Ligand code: NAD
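Read the single chain below, which is given as structure tokens and is the form predicted alone.
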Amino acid sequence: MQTQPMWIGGRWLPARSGRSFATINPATGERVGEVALAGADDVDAAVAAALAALPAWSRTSQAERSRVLARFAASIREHAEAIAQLESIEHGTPISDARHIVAWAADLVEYTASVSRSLMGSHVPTQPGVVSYLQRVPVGVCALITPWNVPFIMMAVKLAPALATGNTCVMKPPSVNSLTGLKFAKLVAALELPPGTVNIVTGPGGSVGTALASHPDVDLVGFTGSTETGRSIMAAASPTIKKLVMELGGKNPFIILPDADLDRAAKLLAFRQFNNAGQHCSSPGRYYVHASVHDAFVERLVAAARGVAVGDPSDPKTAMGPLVSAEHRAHVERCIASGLADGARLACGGQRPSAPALQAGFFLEPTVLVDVRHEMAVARDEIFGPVACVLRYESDDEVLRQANDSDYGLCAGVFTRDVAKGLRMAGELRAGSVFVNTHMLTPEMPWGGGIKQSGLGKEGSIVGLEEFTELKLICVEIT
């Protein structure tokens, strides 16, 4: 099987060590491809190429950078089916979801291309005879370290704003989705940017990601992943005081008030919980359900979970594919076992599917845990899998206190027919995003951490563009 090279300095290059690693189909356990294994020398070469390309790319007009991104979005649409098929094979995404993911990535790049032309500085009033203003300028060389849960979208989320604002980049796609990352690189290569504007290196986060985060010529690290890895990146970046934009872990509380539309809440939250096998940072991590409607809600949630079609990702009828790896499935199974040992109860799922065709893959049934208590590890730690943890509460004060008693603050939700009360509770919840009677994201919405250990900064919208700039003060005496 031929080793796929990396994109560095406008050329396709093997790892200098000659080493490589395999990517695996999580639905079958079979090897999909062989990818170059980058080392510190390859990272140095990629960063040097990005640094050399920075003066030319940062001087490119905003209009031209926006046109480049518009061409990139068009290229994504042109190759959408091939990208979706690869993501389905390499990540286990159901093909119907994979097609939606690719379309969403193209939408996001198109949005960034258009909104970036509205990014402006501001006048600073001082005194007569002096003109003073703030100008938004590129940060410099950006290291973009992307996660494995929705790989193609997350590469687009990070690359589009970095390029739009005049930065050059070194991207490290997730190891388990490296072929998807290199397909992304082929679309970038076809844009014929100045050599070194975008570089894509493949390899594990522990070596390649750390080398990027600690590199003295990297000015910004954009990272999405676990809080634990985020801490390591902060430590590696700290000697050179880099700018960090990081979306980290979450254990997101969703509150079901007594007057909630239980059918709608269960249907919507079950989709968000079990889509992508629960491997979404925005998935509901904790369901706080009022005692008066607890049993009725659980009945609906269990029915929704049992209705999820688990199977071959290439089948259009499949709603949930495998988890990304054997190691990650083992982690999720340990979390379930921990909850049961602490006194939680399985309402459904918790096992590997029995269908013979699924035995070789990393599948797990949609799972609902009930009788979960706030102090349990399953109620406090991120599981990142198809596991709904349901807790019972009695009063508004109690549920708000418990919802906020977490190391995380990524997102939260409230379901109620009393929208005014929902908004009041939204104001009390310590989370970067709060959803009332819905759970959705669009390119116009800023998303990310900024609350407790869920990260730093935002992605998406014009707010996310601003994260990839610095504000420069310019003051001119004109008399």
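Here the structure is a predicted model, which means the values were calculated and not measured. The first residue of the sequence shown is number 1, and the count goes up from there.
The form predicted in complex with the named molecule exists for this protein as well; it is not shown, and the discussion that follows is about that form.
When the named molecule is considered in the predicted complex, only one residue from Pro195, Pro316, Pro204, Gly121 comes within 4.5 Å through any heavy atom, namely Pro204.
For the residues Gly250, Pro161, Pro151, Pro322, the 4.5 Å heavy atom test against the named molecule in the predicted complex is passed only by Gly250. Annotated contacts: Pro284, Phe415 and Ser433 are all free of the named molecule in the predicted complex [non-hydrogen atom within 4.5 angstroms]. This chain is displayed without the named molecule, yet in the predicted complex the stretch 217 to 225 from 260 to 268, 217 to 225, 303 to 311, 68 to 76 comes within 4.5 Å of it by heavy atoms.
Although the partner is absent here, Pro147 sits close enough that one of its heavy atoms falls within 4.5 Å of the named molecule in the predicted complex. In the predicted complex, the named molecule lies within 4.5 Å of some heavy atom of Ser232. Using a 4.5 angstroms limit between non-hydrogen atoms, Glu382 touches the named molecule in the predicted complex. For Leu410, a non-hydrogen atom is located within 4.5 Å of the named molecule in the predicted complex, even though that partner is not displayed.
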